[in-house]
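One chain comes next, on its own, written out as structure tokens in the form predicted alone.
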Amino acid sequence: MVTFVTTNAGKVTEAQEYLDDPVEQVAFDYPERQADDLATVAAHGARTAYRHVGGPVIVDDSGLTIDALDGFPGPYSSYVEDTLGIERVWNLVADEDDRSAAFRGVIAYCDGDPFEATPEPVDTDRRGDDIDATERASATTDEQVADDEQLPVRIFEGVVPGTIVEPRGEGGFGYDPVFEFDGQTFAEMSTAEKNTISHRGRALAKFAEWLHLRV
């Protein structure tokens, strides 16, 4: 059994589509660490969730990265949407020659046991390739460092590349109206169409494959 620590039941339903084992929801609203990359935020959340649950957990984090803005808003996507709104985000890049962007979803897994790390660590400066690596968040005390070393976290990232466009479409939510993929904004797609290219789904597929090989 894998426990998905999230307050969103829809994420659990999506995860169950990819995982053979049952997925249980624990609606624990853990505090999010402030960091400039999704992997660090998710890794910290996974450790916190594992300590709360006491068993294998996954957490997720996601965001929109815009190349012309050096990956912004990234982990701050929700805050930026709430404070600026998507029209202002579009205005920030409307005159840019390069309006490429990506929706990124990160699944972080922690079960309290050691597992082999991939040779490549998470590089917070990388934006463009999927990440599948062990990430250890920084800590400020020797006690926290020792604790983190005993709680390795595996990171799986799913990426959907696209382009920022003037808002179109009536569906979806968040940045969907300004994110275009293959000629359509996410707001112009049905839920089923979006699910087939979900960034979270791509991350879950990687996690499911790794978990299957590990068992």
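Predicted model, so just to flag it, every value in this text is computed and none were measured. Sequential numbering from 1, following the sequence displayed.
FYI, the form predicted together with a small molecule isn't displayed, but the following is about it.
Asks: Looking at T65, T185, T40, S62 here, can you tell me which has any non-hydrogen atom within 4.5 angstroms of the small molecule in the predicted complex?
Replies: Only one option qualifies, and that one is S62.
Asks: Is E32 a contact residue for the small molecule in the predicted complex, using a 4.5 Å heavy atom cut-off?
Replies: Flag for E32 set to yes.
Asks: So in the predicted complex, does any heavy atom of P152 sit within 4.5 Å of the small molecule?
Replies: No.
Asks: In the predicted complex, does T6 have a heavy atom within 4.5 Å of the small molecule?
Replies: The answer is yes: T6 has a heavy atom within 4.5 Å of the small molecule.
Asks: Within a 4.5 Å heavy atom cut-off, is F103 in contact with the small molecule in the predicted complex?
Replies: Close contact exists here: in the predicted complex, F103 approaches the small molecule to within 4.5 Å, heavy atoms only.
Asks: Does each of Q16, G158 and K206 have at least one heavy atom within 4.5 Å of the small molecule in the predicted complex?
Replies: The answer is no; none of Q16, G158 and K206 reaches the small molecule.
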